[in-house]
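Let's start with one chain on its own, the form predicted on its own, as structure tokens.
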């Protein structure tokens, strides 16, 4: 098969690594790719992932059989519907992508199908004062979410009622542009989070390895949120009992609910879950794999991912098996100085002996001389497998010592909270 992978981050690097190892993959293109993805296939720079006519022209010229969508923007924009069967697309229809594209849609979907989630209401400019009153019925902290995509910045968790009311006015007033024209206010849930990933053909599904990510920039989960500073898999509290609840109360009703509503969904579902005293509840849906969880999850899938994705895209997942490695996987993301605020770009990167680790490039590029340089806030996701999470992390830290660029920063406490539970 000739495969086109859309995206340019660490998630796409991990997907490219896994796809390139499949005997079914004859040729892999990564659009646009980054400074490290060219070892797995051919980068296709200069085309936006939402420029569907140009992507279709490329697919025609290069006889692409299947498109794997890494990031959410093309899915929310309707790439599945655009191709309308002319190419296999791993991803949901535009209506299915509303699970991520609209927080209000997702919460209403969960309500219709009795999927456990936090109590909520949605508000617009016309109902702003009702939103102010609704906040009075909740206890701090207060959770405010922009309805639409906001580049990962549309969720505010606020301790002060006065500040929450002020932020609600600002969000509806355009803090996140059109994305916050509608704001979802929901009850704060206290517990420990994990990420559950499902691959579905719209009828059948396979549950991929569970992971946990770490969002804040500082050790001890301090400082501002980022796109993700690391991840681990498996997750100790997501045991057989917990996952049985997840499947029965969340995964199955989600897949069956989509089918019952006539929504075509052939791709990945990301369930952002929280365990509240051992009971799973949904924080959010995403309609693609997560980042940096993918970098750990891919290392634990022993099956041919291309075969599974093709079967899902064809609507024929059937009883195809999914083999998961018993080994542990860990990812530590090396970031630029200043991230998640402003940071320099174009800094030279030198790579030494990384041992048994794998480097999934995220924010890297090549300069005119071919030198590897930084191009983003999250630079490289250093990933390893071992018998234990602790051993995998040790391999990662040894590899990070072999990565050199000015202002290198990373967290040394990834997974430490879960090690205490083991």
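Residue numbers count along the first chain shown, from 1. Given the structure is predicted, the values throughout are model-derived calculations rather than measurements.
We do not show the form predicted in complex with ligand AMP, though everything after this point is about it.
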Next on the checklist: Counting any non-hydrogen atom inside 4.5 Å, which residue from 351, 157, 161, 259 sits next to ligand AMP in the predicted complex?
Outcome noted: 157
Next on the checklist: Looking at 236, 306, 328, 283 here, can you tell me which has any non-hydrogen atom within 4.5 angstroms of ligand AMP in the predicted complex?
Outcome noted: 283
Checklist entry - Taking heavy atoms and a 4.5 Å cut-off, does residue 73 contact ligand AMP in the predicted complex? => result no
Item to check | Distance check, residue 186 to ligand AMP in the predicted complex, heavy atom within 4.5 Å | outcome: yes
Checklist entry - According to a 4.5 angstroms non-hydrogen atom cut-off, is residue 215 in contact with ligand AMP in the predicted complex? => result yes
Next on the checklist: I'd like to know whether residue 193 contacts ligand AMP in the predicted complex, with contact meaning heavy atoms within 4.5 angstroms.
Outcome noted: yes
Checklist entry - What stretch, of 161-169, 333-341, 296-304, 283-291, brings heavy atoms to within 4.5 Å of ligand AMP in the predicted complex? => result 283-291
Next on the checklist: Given a 4.5 Å distance limit between heavy atoms, list every residue of 103-137 close to ligand AMP in the predicted complex, or none if there are none.
Outcome noted: 103, 118
